[in-house]
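Single chain ahead, by itself, as structure tokens, in the form predicted on its own.
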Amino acid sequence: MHGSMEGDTVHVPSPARERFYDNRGYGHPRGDALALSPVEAAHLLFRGDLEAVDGMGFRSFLATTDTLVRFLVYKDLRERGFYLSPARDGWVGSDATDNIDFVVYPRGNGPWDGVTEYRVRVVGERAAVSASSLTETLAVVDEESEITYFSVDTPDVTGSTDHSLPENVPGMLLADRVVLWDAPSVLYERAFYGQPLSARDASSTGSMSIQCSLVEAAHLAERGIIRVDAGIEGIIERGRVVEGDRFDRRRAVYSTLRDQGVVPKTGYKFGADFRTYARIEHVDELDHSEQLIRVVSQDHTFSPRDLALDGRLAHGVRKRMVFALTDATGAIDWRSISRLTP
């Protein structure tokens, strides 16, 4: 069978619908004829089901239409047993969106069933991926044409840590932290704020010296739990001197997590901003943290290599990688990524 280009669509005459759409889920029906996207036509040319499109074979068509990267993903998903459609407005089972390339149906289903398994965006390993566009499954094609799939989700960032805390605990702003010289031990032992100044601090007396990070101290000062001579303004100013605008983003995320019952602690050892605990009763009964949080602005741009590193690291330490996307108002969108095998 032969096809012909009509703008950005390949037209294949009757009986193309029965042969390619009804039996194998390719294209969009036009009566008994069929409209194909370039990547679908390329796959049919590759398989030998189409002889040519406007006289072009597979190699010439692939070069002319610049569909190689999407073709590799389309071919891979077909070989895994999926039917899939290009994201085109008005096509059966699909819709047009700037963020995805393919709508993938569950095995055994086609575009006529109205059920979606994945919505896939295709990028090369050197492409830029904006943080705000991380909404769907990501298929990254590397320089050797291997494909890595990432699941993108909106994670649950709520917890159940809730302890009664003291008020007006005195602290001292020193360099890039605040020290509470005589703090009620509940701040550390139950609510997991800061770190004891000494491992020999005896909480049996009911008090201890605790070192708090600037984001911890800002959160505590805003809520009247601690007080420092410099005031909350002094803590925030020091934080901005130390970290610049990043401090305000991290402070907003930290306070949101605490307000939602989640305990964030530094994620430095994992290359993240925070590691988190959904529930803490006592530090002596501390379990492993569940999530790694990286704080970025809404207009941040990732490279796929960075996403691969973050996902691999989180998987290696049995945690979920979560990105907190912040804007100037302090609003936060949460995204998580993990490796996916379709």
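We number the residues from 1 along the sequence you see. This structure is a prediction, so every number in the text was calculated from the model and none was measured.
As for the form predicted in complex with another copy of the chain, it is not shown, yet the points below apply to it.
Asks: Could you tell me which one of D113, E222, D182, D156 places a heavy atom within 4.5 Å of another copy of the chain in the model of the complex?
Replies: The option sitting close enough to the partner is D182.
Asks: Name the residue from A278, A308, A33, V296 that puts a heavy atom within 4.5 Å of another copy of the chain in the model of the complex.
Replies: The residue in contact is A308.
Asks: Does R249 reach another copy of the chain in the model of the complex if we count a contact as any heavy atom within 4.5 Å?
Replies: Flag for R249 set to no.
Asks: Does I232 reach another copy of the chain in the model of the complex if we count a contact as any heavy atom within 4.5 Å?
Replies: Close contact is absent here: in the model of the complex, I232 is far from another copy of the chain, nothing within 4.5 Å, heavy atoms only.
Asks: Taking any heavy atom pair closer than or equal to 4.5 Å as contact, tell me whether Q211 reaches another copy of the chain in the model of the complex.
Replies: Residue-level check for Q211: yes, a contact with another copy of the chain.
Asks: Is there any non-hydrogen atom of R126 lying within 4.5 Å of another copy of the chain in the model of the complex?
Replies: Yes, R126 sits close enough to another copy of the chain in the model of the complex that at least one of its heavy atoms falls within 4.5 Å.
Asks: Can all three of D66, S145 and E243 be found with a heavy atom no more than 4.5 Å from another copy of the chain in the model of the complex?
Replies: Result yes, every residue of the spot touches another copy of the chain.
Asks: If we take heavy atoms and a 4.5 Å cut-off, which stretch out of 223-231, 105-113, 82-90, 136-144 is in contact with another copy of the chain in the model of the complex?
Replies: Looking at the partner contacts, the answer comes out as 136-144.
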